[in-house]
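First, one chain by itself in structure tokens, the form predicted on its own.
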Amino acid sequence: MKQKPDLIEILRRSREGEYCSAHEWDVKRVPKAVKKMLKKYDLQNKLDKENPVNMDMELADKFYQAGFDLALELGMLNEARDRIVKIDEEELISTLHLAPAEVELGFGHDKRIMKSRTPSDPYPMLFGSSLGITMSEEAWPYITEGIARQPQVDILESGSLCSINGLEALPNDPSETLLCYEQGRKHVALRRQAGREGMPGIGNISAVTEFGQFCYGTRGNFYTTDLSLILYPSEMKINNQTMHKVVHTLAMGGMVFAGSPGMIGGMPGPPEGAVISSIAAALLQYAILFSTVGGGELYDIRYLSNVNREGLWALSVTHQALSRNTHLCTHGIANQVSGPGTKELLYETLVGVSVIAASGASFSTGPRSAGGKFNDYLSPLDCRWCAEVAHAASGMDLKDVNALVKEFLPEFEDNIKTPNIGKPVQEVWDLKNFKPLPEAEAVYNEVRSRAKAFGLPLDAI
């Protein structure tokens, strides 16, 4: 059997593969191939809005096979050269066989073991906070340390910085490189300051281009026991920036954490098509981007979220498919639209993170509070809640999670298009004393108590 292609071979295929323009890929190749797989496996119109959590494991397995076949048919487009990087079946099987089923992150008392999971697996899904919500220079250190101080949070990502000493950081500009080096050093220092020096991290969320990634693994910056974040374009595309980051991470002896969402309402079309595309991208990134962790993200571009019924169903099917048919350490995100200090954000988290955890994902990050649209709209309290839900929901039966979703969806469902954006962190969290303000804490306690009363085993973790 053929072995997994090495890095040189992937770079060669990125230059010499079949020619295809980005326009043809987006408008013809991807939609046509997805429709073909939907028809081949009779997967059209399988969405069940009345039951946002899929409970049909045979259906999940059919989606996996469709995603596997789509990966072989399409490959990934290198949009920098308009060339397709193809992986054949033997190579993909070898890649999936060699992928790690268990990953050691961080060191010391705060070391975490990420494991491949299956639906309703009692081993807890790890949670990292936060996503790349932009932050002011003044608030960033306090928010980041505040997140690190939450013992429930397993992995520290932090938010994105847009400036350094008042100078706006621009992509492909020396200011981006400088900002990311400074952020990396401070990220390490803040973990130490919070008493969690060995806490795993994710770097570097502020790296728009490859220049901002080059701090990873260098002295005083992100450790190689941290994950190296490498995002690639949807659907199923790479570019030179992506591959520069891969090369650098591997050269440092680090671990690639790759990701890109399948887009409901985008090139793959309906939720069923986005599930197939997300599965295919997840599989290919292990062969082409040498991932250690990642794959399984979805996003509904109609709502700029995925905690609606279509998004939740698609998340459940995707992670059930991947976790039942591979031993990959997969990653999912609940994309919230409500903001800090609101009940809606906490309910969106409760529903979205529970679905991902119970469906077998290994890892999740968040929250994307207020849709990630506003500076400083992120509270460490919301990060704590995300992690609590992730751990508590991990071993729940899918039927119970489906009941939970149906119970709490009405708390925010009608407002997804016009969300309550809440308040900036300064109005919900005491930055310097690292604790929630009373009003925000009361909202958190109310939602937590209601979730616990419904059956989420929060005190069992």
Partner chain sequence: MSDLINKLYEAVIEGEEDDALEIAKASIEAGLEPLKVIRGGIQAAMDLMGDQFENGEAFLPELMLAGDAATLAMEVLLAKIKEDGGEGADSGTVVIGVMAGDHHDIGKNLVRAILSANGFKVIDLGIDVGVRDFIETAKRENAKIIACSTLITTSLPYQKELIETLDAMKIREKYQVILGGGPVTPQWTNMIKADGYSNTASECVELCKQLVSRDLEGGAADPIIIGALNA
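This is a predicted model, so every value here is computed, not measured. Numbering follows the first chain given and starts at 1.
The following text describes the form predicted together with the partner chain, which does not appear among the structures shown.
Though the partner chain is absent from this view, in the model of the complex it lies within 4.5 Å of a heavy atom of just one residue from Met243, Leu72, Ala194, Ala169, which is Ala169. Interface residue among Asn325, Thr134, Thr292, Ser94, judged by heavy atoms within 4.5 Å of the partner chain in the model of the complex: Thr134. At the 4.5 Å threshold, heavy atoms of Arg302 reach the partner chain in the model of the complex. At a distance threshold of 4.5 angstroms between non-hydrogen atoms, Pro31 is in contact with the partner chain in the model of the complex. In the model of the complex, none of the heavy atoms of Lys399 sits within 4.5 Å of a heavy atom of the partner chain. Although the partner is absent here, Glu182 is not a contact residue: none of its heavy atoms lies within 4.5 angstroms of the partner chain in the model of the complex. Relative to the partner chain in the model of the complex, residues Cys162, Asn239 and Pro270 are all within 4.5 Å by at least one heavy atom. In plain terms, the part of the chain that comes close to the partner chain in the model of the complex, with a heavy atom within 4.5 Å, is 22-30 out of 399-407, 58-66, 425-433, 22-30.
Contact residues in stretch 250-267 (any heavy atom within 4.5 Å of the partner chain, taken in the model of the complex) are Met263, Gly265, Gly266, Met267.
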